[in-house]
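In the form predicted alone, a lone chain appears below as C-alpha coordinates.
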(Lines give C-alpha, C1' and ligand atoms only; values in the text may rest on other atoms or scores of the structure.)
Protein backbone atom coordinates (compact mmCIF):
# COMPACT_ATOMS: atom_id res chain seq x y z
CA UNK A 1 0.00 0.00 0.00
CA UNK A 2 1.81 3.03 -1.31
CA UNK A 3 0.21 5.51 1.11
CA UNK A 4 1.41 3.41 4.05
CA UNK A 5 4.93 3.09 2.65
CA UNK A 6 5.05 6.87 2.13
CA UNK A 7 3.84 7.49 5.68
CA UNK A 8 6.44 5.09 7.12
CA UNK A 9 9.21 6.81 5.13
CA UNK A 10 8.04 10.27 6.22
CA UNK A 11 7.24 9.60 9.88
CA UNK A 12 8.85 6.29 10.85
CA UNK A 13 12.03 6.06 12.87
CA UNK A 14 14.40 3.11 12.86
CA UNK A 15 15.63 2.17 16.34
CA UNK A 16 18.15 -0.48 17.37
CA UNK A 17 16.82 -3.99 17.45
CA UNK A 18 15.80 -3.37 14.60
CA UNK A 19 12.60 -1.68 15.72
CA UNK A 20 10.45 0.54 13.51
CA UNK A 21 8.84 3.32 15.51
CA UNK A 22 5.60 4.52 13.93
CA UNK A 23 4.22 6.11 17.07
CA UNK A 24 3.19 9.31 15.32
CA UNK A 25 0.36 7.64 13.38
CA UNK A 26 -0.16 3.97 14.28
CA UNK A 27 0.56 2.74 17.77
CA UNK A 28 0.82 5.64 20.20
CA UNK A 29 -0.69 8.69 18.58
CA UNK A 30 -3.16 7.52 15.95
CA UNK A 31 -4.06 9.22 12.71
CA UNK A 32 -7.77 8.37 12.87
CA UNK A 33 -8.54 8.88 9.19
CA UNK A 34 -5.48 6.87 8.16
CA UNK A 35 -6.33 4.08 10.65
CA UNK A 36 -9.78 3.81 9.05
CA UNK A 37 -8.16 3.68 5.58
CA UNK A 38 -5.85 0.87 6.75
CA UNK A 39 -8.79 -1.02 8.24
CA UNK A 40 -10.76 -0.71 4.99
CA UNK A 41 -7.74 -1.94 2.99
CA UNK A 42 -7.38 -5.03 5.20
CA UNK A 43 -11.13 -5.67 5.13
CA UNK A 44 -11.14 -5.50 1.34
CA UNK A 45 -8.51 -8.24 1.12
CA UNK A 46 -10.70 -10.56 3.19
CA UNK A 47 -14.16 -9.35 2.08
CA UNK A 48 -15.17 -12.68 0.52
CA UNK A 49 -13.86 -14.97 3.29
CA UNK A 50 -16.96 -14.88 5.49
CA UNK A 51 -15.31 -13.66 8.68
CA UNK A 52 -17.78 -13.45 11.54
CA UNK A 53 -15.33 -12.06 14.09
CA UNK A 54 -12.02 -10.22 14.20
CA UNK A 55 -9.49 -11.29 16.80
CA UNK A 56 -6.53 -9.15 17.86
CA UNK A 57 -4.29 -8.65 20.86
CA UNK A 58 -4.10 -5.61 23.08
CA UNK A 59 -3.18 -2.93 22.66
CA UNK A 60 -1.80 -1.64 19.38
CA UNK A 61 -3.87 -3.99 17.24
CA UNK A 62 -7.19 -2.79 18.62
CA UNK A 63 -7.61 0.40 16.57
CA UNK A 64 -6.80 -1.35 13.28
CA UNK A 65 -9.07 -4.26 14.21
CA UNK A 66 -11.97 -1.91 14.97
CA UNK A 67 -11.47 -0.14 11.64
CA UNK A 68 -11.48 -3.48 9.79
CA UNK A 69 -14.45 -4.68 11.87
CA UNK A 70 -16.42 -1.56 10.98
CA UNK A 71 -15.67 -2.13 7.28
CA UNK A 72 -16.74 -5.79 7.49
CA UNK A 73 -19.60 -5.15 9.95
CA UNK A 74 -18.37 -7.82 12.38
CA UNK A 75 -17.49 -7.67 16.09
CA UNK A 76 -13.92 -7.33 17.32
CA UNK A 77 -12.54 -9.41 20.18
CA UNK A 78 -9.18 -8.64 21.71
CA UNK A 79 -7.03 -10.92 23.80
CA UNK A 80 -6.16 -9.24 27.08
CA UNK A 81 -2.58 -9.32 28.33
CA UNK A 82 -3.65 -9.11 31.93
CA UNK A 83 -6.52 -10.84 33.67
CA UNK A 84 -8.46 -8.05 35.34
CA UNK A 85 -11.38 -8.07 37.74
CA UNK A 86 -13.85 -7.65 34.89
CA UNK A 87 -12.62 -10.83 33.16
CA UNK A 88 -14.59 -13.67 34.65
CA UNK A 89 -15.84 -17.10 33.82
CA UNK A 90 -14.18 -19.68 31.66
CA UNK A 91 -11.19 -18.51 29.64
CA UNK A 92 -9.04 -19.53 26.74
CA UNK A 93 -5.45 -18.60 27.44
CA UNK A 94 -2.06 -18.88 25.80
CA UNK A 95 1.48 -17.62 26.28
CA UNK A 96 2.72 -14.95 23.84
CA UNK A 97 6.23 -13.52 23.65
CA UNK A 98 6.37 -9.81 22.80
CA UNK A 99 9.34 -8.96 20.58
CA UNK A 100 8.97 -5.24 21.24
CA UNK A 101 8.69 -5.53 25.02
CA UNK A 102 10.98 -8.54 25.41
CA UNK A 103 8.57 -10.28 27.78
CA UNK A 104 6.01 -13.07 27.87
CA UNK A 105 2.31 -12.48 28.43
CA UNK A 106 -0.43 -14.93 29.27
CA UNK A 107 -3.21 -13.59 27.07
CA UNK A 108 -6.84 -14.46 27.66
CA UNK A 109 -10.27 -14.24 26.07
CA UNK A 110 -13.52 -15.22 27.70
CA UNK A 111 -14.99 -18.37 26.18
CA UNK A 112 -18.41 -16.80 25.75
CA UNK A 113 -17.00 -14.49 23.05
CA UNK A 114 -15.12 -17.04 20.92
CA UNK A 115 -17.13 -19.99 19.65
CA UNK A 116 -16.62 -23.02 17.41
CA UNK A 117 -18.89 -21.56 14.73
CA UNK A 118 -16.82 -18.35 14.44
CA UNK A 119 -14.85 -17.63 11.28
CA UNK A 120 -11.99 -15.57 12.65
CA UNK A 121 -9.91 -12.93 10.91
CA UNK A 122 -6.78 -12.08 12.88
CA UNK A 123 -5.68 -8.43 12.63
CA UNK A 124 -2.50 -6.88 14.04
CA UNK A 125 -0.34 -3.83 13.53
CA UNK A 126 3.04 -5.61 13.19
CA UNK A 127 4.29 -9.05 12.22
CA UNK A 128 7.92 -9.82 13.09
CA UNK A 129 8.55 -13.23 14.62
CA UNK A 130 4.88 -14.20 14.47
CA UNK A 131 4.41 -14.94 18.16
CA UNK A 132 1.29 -12.78 18.60
CA UNK A 133 -0.40 -14.35 15.58
CA UNK A 134 0.61 -17.83 16.79
CA UNK A 135 -0.96 -17.06 20.17
CA UNK A 136 -4.18 -15.85 18.53
CA UNK A 137 -4.23 -18.98 16.37
CA UNK A 138 -3.93 -21.05 19.54
CA UNK A 139 -6.87 -19.23 21.15
CA UNK A 140 -9.02 -19.79 18.06
CA UNK A 141 -7.99 -23.45 17.98
CA UNK A 142 -8.95 -23.91 21.63
CA UNK A 143 -12.41 -22.60 20.75
CA UNK A 144 -12.67 -24.81 17.66
CA UNK A 145 -13.08 -21.68 15.50
CA UNK A 146 -11.87 -21.51 11.89
CA UNK A 147 -9.26 -18.86 11.09
CA UNK A 148 -9.73 -17.38 7.61
CA UNK A 149 -6.45 -15.47 7.63
CA UNK A 150 -4.34 -12.76 9.19
CA UNK A 151 -4.32 -9.12 8.11
CA UNK A 152 -1.20 -7.21 9.08
CA UNK A 153 -0.42 -3.53 8.68
CA UNK A 154 3.41 -3.78 8.66
CA UNK A 155 5.36 -7.01 8.23
CA UNK A 156 9.08 -7.25 8.83
CA UNK A 157 9.86 -9.57 5.93
CA UNK A 158 13.46 -9.95 7.08
CA UNK A 159 12.23 -11.77 10.20
CA UNK A 160 10.82 -15.28 9.97
CA UNK A 161 7.27 -14.79 11.27
CA UNK A 162 5.41 -14.24 8.01
CA UNK A 163 7.32 -16.92 6.12
CA UNK A 164 6.69 -19.50 8.87
CA UNK A 165 2.98 -18.70 9.14
CA UNK A 166 2.53 -18.93 5.37
CA UNK A 167 4.49 -22.22 5.28
CA UNK A 168 2.06 -23.53 7.93
CA UNK A 169 -0.82 -22.76 5.56
CA UNK A 170 -2.12 -19.48 7.00
CA UNK A 171 -3.17 -16.82 4.54
CA UNK A 172 -1.27 -13.70 5.60
CA UNK A 173 -2.01 -10.38 3.90
CA UNK A 174 0.26 -7.45 4.80
CA UNK A 175 -0.27 -3.87 3.66
CA UNK A 176 3.48 -3.19 3.73
CA UNK A 177 6.35 -5.68 3.89
CA UNK A 178 9.78 -4.39 4.81
CA UNK A 179 12.62 -6.44 3.33
CA UNK A 180 15.34 -4.44 5.08
CA UNK A 181 15.80 -1.34 7.18
CA UNK A 182 18.83 0.40 8.59
CA UNK A 183 20.27 3.90 8.98
CA UNK A 184 20.32 4.17 5.17
CA UNK A 185 16.58 3.68 4.84
CA UNK A 186 13.83 1.13 4.29
CA UNK A 187 13.38 -1.29 1.40
CA UNK A 188 9.79 -2.41 0.79
CA UNK A 189 8.68 -5.56 -1.02
CA UNK A 190 6.04 -5.24 -3.71
CA UNK A 191 2.77 -6.62 -2.29
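The shown structure was predicted, so the numbers you read here are calculated from the model rather than taken from an experiment. Residue numbers count along the first chain shown, from 1.
Just so you know, the form predicted in complex with ligand 5GP exists too; it's not on screen, but the next bit is about it.
Taking the partner from elsewhere, residue 78 is found to have every heavy atom lying beyond 4.5 Å of ligand 5GP in the predicted bound form. Contact annotation: residue 100 falls within 4.5 Å of ligand 5GP in the predicted bound form, judged by heavy atom distances. Taking non-hydrogen atoms only, residue 53 never approaches ligand 5GP to within 4.5 angstroms in the predicted bound form. Within 4.5 Å of any heavy atom of ligand 5GP in the predicted bound form lies no heavy atom of residue 139. None of 31-39, 44-52, 120-128, 139-147 except one has non-hydrogen atoms within 4.5 angstroms of ligand 5GP in the predicted bound form; the exception is 120-128. Candidate site formed by 24, 62 and 153: none of these residues places a non-hydrogen atom within 4.5 angstroms of ligand 5GP in the predicted bound form. Annotation for 13-42: interface residues with ligand 5GP in the predicted bound form are 18, 19, 20, 27 [heavy atom within 4.5 Å].
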